[in-house]
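Only one chain is shown below, in structure tokens, and it's the form predicted on its own.
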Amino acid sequence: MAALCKWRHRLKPAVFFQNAARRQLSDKHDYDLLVIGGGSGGLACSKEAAQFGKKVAVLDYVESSPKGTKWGLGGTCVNVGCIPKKLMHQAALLGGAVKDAQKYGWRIPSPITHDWLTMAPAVQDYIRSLNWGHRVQLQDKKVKYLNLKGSLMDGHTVRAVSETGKESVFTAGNIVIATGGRPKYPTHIPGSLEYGISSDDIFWLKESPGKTLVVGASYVALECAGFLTGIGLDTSVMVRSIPLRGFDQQIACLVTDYMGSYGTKFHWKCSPSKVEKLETGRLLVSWTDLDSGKEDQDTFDTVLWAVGRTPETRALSLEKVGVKMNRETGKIIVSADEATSVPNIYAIGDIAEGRPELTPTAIQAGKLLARRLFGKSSKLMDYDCVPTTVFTPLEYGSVGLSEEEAVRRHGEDGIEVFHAFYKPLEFTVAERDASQCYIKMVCLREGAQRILGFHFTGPNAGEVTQGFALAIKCGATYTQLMATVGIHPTSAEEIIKLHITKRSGLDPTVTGC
């Protein structure tokens, strides 16, 4: 027995040195995880990693827009995207509700006017509260926040530079790039950069943008044009090709038709050629009609470019360390587990090639990545059937395949499209036009008819779509949809009453309640 105890005693130094070696291995880096980019995806990833007791840091630095606009922690969504957009969309909806209210018996003094100087600071103050909230959350979860601009030196090393130019070097076991994107400027158009603004600026303007030309037909362009029209501003949209590229085109046309009836002017198949500043301070925009070749021009107070976004990769030194990118898009090529071509370096969110440019997908991908790195999980992000909503005056919610994509994959004879035009109850007394309120369910034609895609235009489209997204994600079928009891009276109940197919050629307009 004494000999056994003596043997155990001799073993202790060996165990000590083994444990010390393990500690040395884990302590050879400054951090277990270092995230470059403090947007939705980067913050989610960092906080999730910290839950596993890991040492985590977030580097976030916002370069000013060409107009000098700058903001705090939280990325595009919080500062110049989803949040301010939805709040200004709400301001526009309230304007419409005030007009409707008169039909419902409310006596509203006329004229009804909107004050940008009241709305904008209120929205901006809320954004600043979110900036502060993110900093507090990082502190609570023991994530180090560094207001520094990061670039890669190798697979484990990041060079960080402060606003004053002071340099620091940090090492990490794993590096996640989540720097997102910024709006593009068509610099080949004279005056575009000097006199135009982007979505990085519109929400932080100190004065009303006045008469505005929005160039582009992305969801950013249409959402901005929609709320500007809704608060009473003279707003035009210049479209070079098609609206809402990548979305169902029948629905996209319904959205723009509604916007046209709502008061937004459209210049279809037109391309701007020059922006000049007049002595009055107004902007003279010249453009070409691409069909006729005719030149035209008009004056505006503001020109908003919404012609796409470019990934924030320029200052990251990606090529220096061997991170592969798509030359055309500038995005980082990643595998299914968000890994780049360099071990221990990952990329999530808008900066990753082939990923939806949506906040919720970046958040989910960030959390799952942290769990795989530190929580022994193997679960990958599933990018199929991701729901989204375009917050135009008539909202458009969708999940799954567009009709065009369903035809491409399964053929016209392989799908069945159930559809309906309906009138929301709240539109009736207000005598609002509902001719673009529409529902489309794209299904496989055979068997129980699995639902491939869902599309909805109408009030509260995001709220409606979120619920159906769960069912479709779980493989819901048209048969199951028909067995579902509706909630009356709602717009959503019209979905579970869909029975007319496009193939039948019958009028899909809903009659009765």
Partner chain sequence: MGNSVCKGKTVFMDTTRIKSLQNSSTGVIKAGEHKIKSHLSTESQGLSCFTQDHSDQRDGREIVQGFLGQNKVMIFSVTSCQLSAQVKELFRSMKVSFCVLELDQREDRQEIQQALWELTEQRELPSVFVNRQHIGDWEKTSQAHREGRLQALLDMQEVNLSPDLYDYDLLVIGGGSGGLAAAKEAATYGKKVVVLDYVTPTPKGTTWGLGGTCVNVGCIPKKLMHQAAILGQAIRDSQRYGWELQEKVSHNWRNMRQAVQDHIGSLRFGYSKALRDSKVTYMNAYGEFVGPHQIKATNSKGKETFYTAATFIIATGERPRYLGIPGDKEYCITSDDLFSLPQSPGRTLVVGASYVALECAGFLAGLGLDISVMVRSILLRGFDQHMANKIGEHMEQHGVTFIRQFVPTKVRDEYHPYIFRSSEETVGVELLVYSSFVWFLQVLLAVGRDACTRTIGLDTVGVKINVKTGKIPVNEEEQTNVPHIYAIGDVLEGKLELTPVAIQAGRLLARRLYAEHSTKCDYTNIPTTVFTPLEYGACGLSEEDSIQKYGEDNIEVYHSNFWPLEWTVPARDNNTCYAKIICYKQDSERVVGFHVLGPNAGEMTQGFAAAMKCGMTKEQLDNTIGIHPVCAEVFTTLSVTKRSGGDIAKGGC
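Note that the coordinates shown come from a computational prediction; the quantities given were computed from them, not determined experimentally. Numbering follows the first chain given and starts at 1.
The same protein has a further form, the form predicted in complex with its partner chain, not shown here; the description that follows concerns it.
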G230: touches its partner chain in the predicted complex, heavy atom cutoff 4.5 angstroms = yes
Quick one: does W132 come within 4.5 Å of its partner chain in the predicted complex, counting heavy atoms only?
-> no
Partner proximity in the predicted complex: G191 to its partner chain, non-hydrogen atom cutoff 4.5 Å | no
May I ask you to state whether T457 is within 4.5 Å of its partner chain in the predicted complex, using heavy atom distances?
-> no
Just one of A339, A160, C82, M325 has a heavy atom within 4.5 Å of its partner chain in the predicted complex. Which one?
-> C82
If you check L290, L278, I112, C253 against its partner chain in the predicted complex, which one has a heavy atom within 4.5 Å?
-> I112
Taking A448, I500 and S504 as a possible spot, do all three reach its partner chain in the predicted complex with a heavy atom inside 4.5 Å?
-> no
Would you mind picking out the stretch of 315-323, 148-156, 91-99, 183-191 that comes within 4.5 angstroms of its partner chain in the predicted complex, counting non-hydrogen atoms?
-> 91-99
Heavy atom contacts to its partner chain in the predicted complex at 4.5 Å, residues of 327-366 in sequence order = T359, P360, T361, Q364
